[in-house]
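The chain below stands alone and is given as structure tokens, in the form predicted alone.
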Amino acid sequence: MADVTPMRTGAETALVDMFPAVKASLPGTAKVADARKAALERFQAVGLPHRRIEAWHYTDLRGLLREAAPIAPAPDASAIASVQSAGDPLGDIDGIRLTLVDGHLVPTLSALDRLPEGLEVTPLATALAKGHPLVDAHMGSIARAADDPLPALNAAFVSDGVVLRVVEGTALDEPIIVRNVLTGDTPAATFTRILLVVEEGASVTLVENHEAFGGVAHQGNSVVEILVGDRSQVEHVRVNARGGNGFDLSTLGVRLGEAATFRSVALAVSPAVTRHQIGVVFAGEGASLSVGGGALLNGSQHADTTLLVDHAVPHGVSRELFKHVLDGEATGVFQGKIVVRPDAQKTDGRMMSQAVLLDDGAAMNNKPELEIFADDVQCAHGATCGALDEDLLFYLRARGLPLPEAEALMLQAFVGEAMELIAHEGVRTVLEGVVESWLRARM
């Protein structure tokens, strides 16, 4: 039987053809160049995912991504000045700031020379060009590109990012804030990556804020890999505020050590299309995980959260809570799976997805799953979809609140439950303000 070769879409062809033109300008040693080539070959073999692939049934990326934008050039002085003058949406949070503009770390907008003791920061472009032990040991081993086209594309085209090391026993008082900004007035694509290695007994908060200027249909592909050492604590917060024309693909990969604690909350605000995929592996006994998030959508916007929690060892605890608010003809997707391996006895895992549909045209696709291969466990999952409670709305309106304000108050409380998972008070307050701003705009 003859082999059947599927036809490439215009976006797939553009991505494959783009690589020879840009590979010489991408940072890296000969070893990195070989890894880039291998990653592109993996993508070339599978192409963009489509609805016939189970994990992508509700987000047909092959159909949604009609054109592949060219890679954004390094920012010039004008682009850097525009970011500096625009102000920082997270400016109220005291922190260690690192700024990526159009996919490149900008030293003049970053605190590279003002780092606290116990924190090491290396621009990823430098780490790739000169070789770095953490990159050699860990990059690509947590967010694997072997069977996933998103990290494969990122590995092929990644231009810059940061390598972060928190030294053993270090407790950082201020969060690390990575601001990822896209500028320019024509569509462009960026491929960035963060590698965070938190050594034994250390603690840190990492905040990502993804922005775009000008309303142009930017395309972003970002990967974050986090190695949480034994008895260490990490909090991770991601805000996608690129607006109604943003096409945002993101991957978070986490490996938990013994008695480690990891919290992550992601908030998507009015993206055109976003897919945030999370993979967490319990590699050490007694680890604890809390993952949550929210999406605020209207019009024809589409947000997909896909989660895999792999309990590979005993005595792990995981909690997952996701909230969607869908207006107009927006579409939300939650696909979550908890896997409990045969040796992972005494696992406690619970997952919940909840959505509020504000319009008859909105749609929510929930697919929570459990795969349990051990017998001494406590696991549960659930999902709910519905409109706002009419009785509660009547109660609020009877006390003088107009309908828009009553709805906003109820929605704020609904999404706020996920925001409460954030331990850092300053970060939590800023995200609650982001939710309030979206609700005010809707009113």
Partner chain sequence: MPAVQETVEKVRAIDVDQYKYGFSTDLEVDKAPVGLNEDIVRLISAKKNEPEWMLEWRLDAYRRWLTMREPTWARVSYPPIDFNGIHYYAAPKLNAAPKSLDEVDPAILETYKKLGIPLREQEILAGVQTSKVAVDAVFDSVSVVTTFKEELKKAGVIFCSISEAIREYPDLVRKYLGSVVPVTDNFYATLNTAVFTDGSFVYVPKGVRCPMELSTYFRINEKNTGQFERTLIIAEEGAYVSYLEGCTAPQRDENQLHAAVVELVALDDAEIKYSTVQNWYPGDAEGKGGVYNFVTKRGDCRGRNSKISWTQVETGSAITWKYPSCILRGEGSRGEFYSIAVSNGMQQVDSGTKMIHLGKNTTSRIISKGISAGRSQNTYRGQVSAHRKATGARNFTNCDSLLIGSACGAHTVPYMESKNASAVFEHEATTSKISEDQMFYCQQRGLSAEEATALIVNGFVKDVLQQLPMEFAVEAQKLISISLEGSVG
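Just so we're clear, the structure is a prediction, and the values are computed from it rather than from any experiment. Numbering follows the first chain given and starts at 1.
This next part talks about the form predicted together with its partner chain, which is not shown.
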Position in contact with its partner chain when the complex is considered in the predicted complex, options 413, 403, 46, 380, heavy atoms within 4.5 Å:
380
Considering 125, 115, 363, 272, which brings a non-hydrogen atom within 4.5 Å of its partner chain in the predicted complex?
363
What I'd like checked is whether 186, 200 and 213 together line its partner chain in the predicted complex, meaning each has a non-hydrogen atom within 4.5 Å of it.
no
Distance check, residue 173 to its partner chain in the predicted complex, heavy atom within 4.5 Å
no
Would you please decide whether residue 70 lies within 4.5 angstroms of its partner chain in the predicted complex, comparing each non-hydrogen atom pair?
no
Is residue 386 one of the residues lying within 4.5 Å of its partner chain in the predicted complex, judged by heavy atom distances?
yes
Would residue 368 count as a contact of its partner chain in the predicted complex, using a 4.5 angstroms cut-off between non-hydrogen atoms?
yes
Determine which one of 59 to 67, 413 to 421, 386 to 394, 31 to 39 lies within 4.5 Å of its partner chain in the predicted complex, judging by heavy atom distances; exactly one does.
386 to 394
